[in-house]
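A single chain comes next, written as structure tokens; it is the form predicted on its own.
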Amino acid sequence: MYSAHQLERARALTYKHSGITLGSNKDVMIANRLDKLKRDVGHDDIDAILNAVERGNHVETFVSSFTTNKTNFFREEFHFDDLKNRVFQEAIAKGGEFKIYCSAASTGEEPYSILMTMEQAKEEYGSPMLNYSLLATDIDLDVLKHATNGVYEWNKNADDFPDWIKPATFFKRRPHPSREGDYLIKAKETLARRVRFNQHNLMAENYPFKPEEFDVVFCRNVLIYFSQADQNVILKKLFRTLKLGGTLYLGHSESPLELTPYVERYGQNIFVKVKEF
């Protein structure tokens, strides 16, 4: 059991280092994350660990313990349908460089889903020369390492991939070392070289991007971990990096909040920037 003071310290440190708000209803989750933190640090004295984090030690380990990385390939598939069938064709018509930003990369399933969508669209629409790039960021260095490695567990009976994607086109497969019938899949170099993974905190004061740098911004299922005030701050910073006419994808329970007058809704949590704020 952890004391109320220890839980509050963890809550305050989580906000300080990630901007994530953990309400009083999250005490059980905080306790579970403190258990993980102790295992990762290899020390049982939670006060000593929290003291160290406050001094600037074990910060990356702390952030990794307190961030949520629930994800899968082609989560909310309708966004990838829109990317393939609307956004891609608009990009072909416009020509020039096409830049995508995935702001919560987690372990990489979302960025690789974006890449597979773009490659499939090139195949379907006969536009192999589209010059596109993808930047994917996350605050957690551990999940970024996982994403960079591009290796995932996979069951051939799973329905992670839509009908229009053939996993063998994009991944090399080998038997799982400990589970019969399951596999490990690794992103092929032809796919992996299309994405650049960087660390970035969405609550950072300054973003290392140019105004109107991106044609598409994915910010899905991450805003829910921030207060509404901080969600607005993040959205406005992201919005500045999005080109006029660019597309913003949000998670199923998220909204553009104060940006609503500046976007046009194109589908389920699909928003196109129609004017600057």
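Heads up: residue numbers just count along the shown sequence, starting at 1. The structure displayed is predicted, hence computed values, not measured ones.
As for the form predicted in complex with a small molecule, it is not shown, yet the points below apply to it.
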query: The small molecule in the predicted complex: contacted by all of 115, 120 and 215, heavy atom 4.5 Å; finding: no
query: Contact label in the predicted complex: residue 225 to the small molecule, heavy atom within 4.5 Å; finding: yes
query: Residue 104 within 4.5 Å of the small molecule in the predicted complex, heavy atoms; finding: yes
query: 4.5 Å heavy atom contact, residue 65 and the small molecule in the predicted complex; finding: no
query: The small molecule contact at residue 203 in the predicted complex, heavy atom, 4.5 Å; finding: yes
query: Option from 137 to 145, 189 to 197, 87 to 95, 168 to 176 whose residues, in the predicted complex, bring a heavy atom within 4.5 Å of the small molecule; finding: 137 to 145
query: Of 241, 69, 232, 61, the one that lies within 4.5 Å of the small molecule in the predicted complex (heavy atoms); finding: 69
